[in-house]
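Next up is one chain by itself, shown in structure tokens, the form predicted alone.
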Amino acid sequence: MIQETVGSAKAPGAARGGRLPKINPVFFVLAALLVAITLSNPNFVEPTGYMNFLKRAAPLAILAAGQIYVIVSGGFDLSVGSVITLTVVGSSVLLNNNADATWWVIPVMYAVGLAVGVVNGLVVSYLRVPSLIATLGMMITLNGAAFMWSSGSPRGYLPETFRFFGRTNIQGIPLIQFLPVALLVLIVVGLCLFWLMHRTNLGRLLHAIGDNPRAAQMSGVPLERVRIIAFVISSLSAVTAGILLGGFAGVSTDVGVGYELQAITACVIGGAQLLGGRGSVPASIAGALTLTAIFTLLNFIGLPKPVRDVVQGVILIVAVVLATYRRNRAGGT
């Protein structure tokens, strides 16, 4: 019945009446920013420039690609930044300077991420706690757990076997000279999440729940199960981002600070509707690249980090206002 009721609906953004499909404006914004970066720093067009840019953007892009599942279903996941921190700190403690332990430590961290996602989904779905509050509580809990686990300061180090995914570049690639492993991880994760969102019934169910939960439930959509899956995907994406960030910078107790809001901002830049029912994986990844491009451009101009925070806050506020306006306008027509 679910397949017939929800699956028969057209996918969001599909062409109607033979018209060409609309191109998300985020891609034009990203292109303009890349041109601006190139004008500010001509070396950006060299393989070292744009490949390092993509390498830096990969963790946020993966995080946004997972966050969009929760946003489309009508919620938020503020716990992803703390999941990143717990992944890095927990891995360093479990590895205990033993490179041979990498093969089992990474699956353990994914199991932790799975548990976090399930708990978030259960609290939101069955206890009816707003996702903003539930995941904020989880964020505080995980940050406290990471602090206690590390005794307040990073211990040990992450061996090269662990840092391989975020740090290693495959050399000798024609034309581009090298290919970051982090970019390969982004491509694989992005394709998997694209397929789940846009080529399976899960994506249609998520959009149905975010657009009108009551109507979706009356149509036979299993709201609780779908929402739990969305939070699990978001948490597992955060673990992946944490593994990449651990490869970049090593062990730090604040490695994930601020990433939850950056992921939400990236999704909003990509056109996601914060009240649910609208969003796509490619646009969210493009939003993450756009946000990274904004930060890169501000850095080239010489503006300090506080300015980046102000810009991110303004983008988020404006996007929320526009999303609310569009939804109210659509409801009035």
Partner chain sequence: MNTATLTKRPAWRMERYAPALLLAAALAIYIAIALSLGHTRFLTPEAAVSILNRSIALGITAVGQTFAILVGSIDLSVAHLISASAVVSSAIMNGDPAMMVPAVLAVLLMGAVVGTLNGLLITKLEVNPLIATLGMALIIQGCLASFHGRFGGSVPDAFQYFAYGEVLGLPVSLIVLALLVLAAWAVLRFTRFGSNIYSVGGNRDTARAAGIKTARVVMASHIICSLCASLAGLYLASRLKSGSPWIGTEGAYDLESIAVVVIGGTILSGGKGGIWGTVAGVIIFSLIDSIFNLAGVDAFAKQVMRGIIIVAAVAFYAVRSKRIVA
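Computed from a prediction, not measured in an experiment: that's the story for all the values here. Numbering follows the first chain given and starts at 1.
This next part talks about the form predicted in complex with its partner chain, which is not shown.
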| query | finding |
| --- | --- |
| Stretch in contact, per heavy atom within 4.5 angstroms of its partner chain in the model of the complex, of 181-189, 106-114, 139-147, 235-243 | 139-147 |
| Contact label in the model of the complex: Phe76 to its partner chain, heavy atom within 4.5 Å | yes |
| Exercise: Pro213 in contact with its partner chain in the model of the complex, heavy atom 4.5 Å | yes |
| Heavy atom of Gly313 within 4.5 Å of its partner chain in the model of the complex | yes |
| Exercise: Gln217 in contact with its partner chain in the model of the complex, heavy atom 4.5 Å | yes |
| Interface residue in the model of the complex among Met197, Val221, Ala134, Ile229, criterion: non-hydrogen atom within 4.5 angstroms of its partner chain | Ala134 |
